[in-house]
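Listed next as structure tokens is one chain, alone, in the form predicted alone.
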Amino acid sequence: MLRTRLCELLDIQAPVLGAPMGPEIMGLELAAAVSNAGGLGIISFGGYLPPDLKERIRKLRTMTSRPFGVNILLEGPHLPVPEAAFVDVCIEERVPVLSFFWGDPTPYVEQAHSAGIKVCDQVGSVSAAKRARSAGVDFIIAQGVEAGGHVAGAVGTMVLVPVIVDAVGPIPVVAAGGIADGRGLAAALALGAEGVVLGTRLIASTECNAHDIYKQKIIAATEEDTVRTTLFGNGWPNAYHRTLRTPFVNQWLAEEKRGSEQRPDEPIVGEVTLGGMRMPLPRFGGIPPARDATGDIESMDFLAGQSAGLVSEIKPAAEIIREIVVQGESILTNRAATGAVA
């Protein structure tokens, strides 16, 4: 099987990470499936209170004996308690990998390392990557602008990955954004990355906790059916994200600033789960529909990347990962054998 320095660093068999699609999309079942398949499943802290996050970590450990990660947002949506409380839980539980996004991880790296935890930071620019390198993280995720979900930068994966590799080497870099098959994996490795992150592709997996309508929309979407916007800013204002161009999105794009106004008179479009609790979802609420979402699903935030155009069917996560690794390895081997790759 294809192995890289990332595999050695994280004690995994395949250089494939599952994106921490939150709050409930990357559920425990999918994270366990990714880890059991030889990759690294990463769950979001999901808005859970620290004691509840601790229970989720412990439950995940009953579902996989392989390494996994927990992702924490350092800035952005209002948190019920300071982010340090979530970090403390992860350190107490000795999670194998602690992942950060949307903020500066510097205050937490040394503490995590003291507990034997590997640390990564997801970034969207060279300046943020250099900050992560200075913080002492073990590896960096370079997220291209074509990625789904909240997007930190404005540069495509094809350019961002090599410039970050050049800027932070020898720290391993992992590519995120626009990757859904073995061709993407092979390309990322050729750019100098040591692995890839799968997000959109895993939404269309058997184990994913996404609503069935969400999964079907991913399958039906083309590479042109997403948009980078701030429209779903209710709860996380003015934060760019990539979502599907649904009729609802097309209707409101001209007034996308409305989504970040936090207006108390926005109508309730449905009900979702956040932090294990049921809550009403206002229009423009930035919570994608999980399996248990109810109401006007079509008006919700279907976060997805441009790689949706490469996704055509729902498969078990293990099958997805196996096919990507086999295809990627075959491409690299065959190109090298024919002299197409130096």
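Numbering starts at 1 and follows the sequence shown. Model, not experiment: these values are computed from the prediction.
As for the form predicted together with a small molecule, it is not shown, yet the points below apply to it.
- Across the proposed site, 266, 270 and 299 without exception lack any heavy atom within 4.5 Å of the small molecule in the predicted complex.
- Residues of just one listed stretch (300-308, 313-321, 272-280, 50-58) have heavy atoms within 4.5 Å of the small molecule in the predicted complex: 300-308.
- The contact with the small molecule in the predicted complex, taken as any heavy atom within 4.5 Å, belongs to 198 out of 90, 198, 160, 173.
- Contact with the small molecule in the predicted complex, defined as a heavy atom within 4.5 Å, holds for exactly one of 225, 207, 146, 138, namely 146.
- Residue 178 belongs to the set of residues with a heavy atom inside 4.5 Å of the small molecule in the predicted complex.
- Taking the partner from the other structure, the small molecule in the predicted complex has no heavy atom within 4.5 Å of any heavy atom of residue 86.
- By the criterion of a heavy atom within 4.5 Å, residue 101 is counted among the residues contacting the small molecule in the predicted complex.
- Using a 4.5 angstroms threshold between heavy atoms, residue 20 counts as touching the small molecule in the predicted complex.
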